[in-house]
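The chain below stands alone and is given in structure tokens; this is the form predicted alone.
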């Protein structure tokens, strides 16, 4: 039954959606066909309700390549299977029930190639890399930022003071951590009021534009209310936990952003629940989906530098896609964050390039926020001037403090 969905002589057309998956099973052909069938028009038995005109809607496994462990398969889907502009619908098919098939020992979605017809049905980012650089008046260098630490517990005024110290120290961006919402100790409204007041103060004192990314993640209507409040109070950015909020909520938020024109900073909290195991998807499909819907910045990993797992080649591939030309969809800033400090900056830039946001939390605040922030900015300045960090640190005391504490990674 399932095998009829496998045709290795089939040549997909340019208008088809194509998925690439890693599959492990005892019977590869049967399992691959099962994935194609169950994600399109088939099921485990022939049914009397099937009509001849449906055959053109069947998904087809057209490639199976044996690997050291498992098999890489490619499946082509007619675009008519999907409702345009409806990401939950698309993913319910190509990344839905298929993971539960009993005969599978492993199944990971490695990539999605969206056809032009589907891409055109999404808006992509309202603000992309060029727009953010224009806002900040930063032409080439990487952006540097921090996460408020401790991640939870500070009241609104102390939260705002930490942000101010970071901006005064030279950072471009300050964000909330992913699990700060509107708890009693730091309500969203007071957080915005106090922190944007400090942002305005820091901009006046430094002569530089700054970004604050408060976490608006909540029930969809509340998330939109918070986004509107940020705009009303003079903010320029919001953060959303895209995995836990959900793709439908992100689409709704993007629709609202047509008028708000805020930077959408995408945190990927929860991604590792399905990007690190035998079942799920890799970071590349997540990045493609997020860019298609319309985020401006997204956490992609640190190429195995720092505290979070993310392979060098995988991170480079994801970042390269985010910055590539993709029809009318604007390029998106990749974000490296997780266990970083000034000593990592040259290595990160050598691996991931200048179109990058480098964020350090503990690597900033462990030194004293202003000192840590300044050390990060000095590390970026050293790269711009093509001066080795250790040499630059001889005349820049904050950088020296950071290197003395954390070390230097070549």
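Numbering follows the first chain given and starts at 1. Predicted model only: the values in this text are computed from it and were never measured.
Quick note: we don't show the form predicted together with ligand 3PG, though the next part is all about it.
Peer 1: Taking any heavy atom pair closer than or equal to 4.5 Å as contact, tell me whether residue 267 reaches ligand 3PG in the predicted complex.
Peer 2: Residue 267: contacts ligand 3PG in the predicted complex.
Peer 1: Any chance residue 194 has a heavy atom within 4.5 Å of ligand 3PG in the predicted complex?
Peer 2: Residue-level check for residue 194: no, no contact with ligand 3PG.
Peer 1: Taking heavy atoms only, is residue 343 within 4.5 angstroms of ligand 3PG in the predicted complex?
Peer 2: No.
Peer 1: Does residue 210 make contact with ligand 3PG in the predicted complex, using a 4.5 Å heavy atom cut-off?
Peer 2: Residue 210 lies outside the contact set for ligand 3PG.
Peer 1: Out of the stretches listed (356-364, 26-34, 51-59, 343-351), which one is close to ligand 3PG in the predicted complex, meaning heavy atoms within 4.5 Å?
Peer 2: Stretch with heavy atoms near the partner: 356-364.
Peer 1: Could you work out which of 257, 337, 275, 310 is the residue within 4.5 angstroms of ligand 3PG in the predicted complex, going by heavy atoms?
Peer 2: After the contact test, the surviving option is 337.
Peer 1: Looking at 75, 147, 144, 132, which is the one with a non-hydrogen atom within 4.5 Å of ligand 3PG in the predicted complex?
Peer 2: Residue within 4.5 Å of the partner: 147.
Peer 1: Out of 155-192, which residues reach within 4.5 Å of ligand 3PG in the predicted complex, heavy atoms considered?
Peer 2: Stretch hits, in order: 175, 177, 178.
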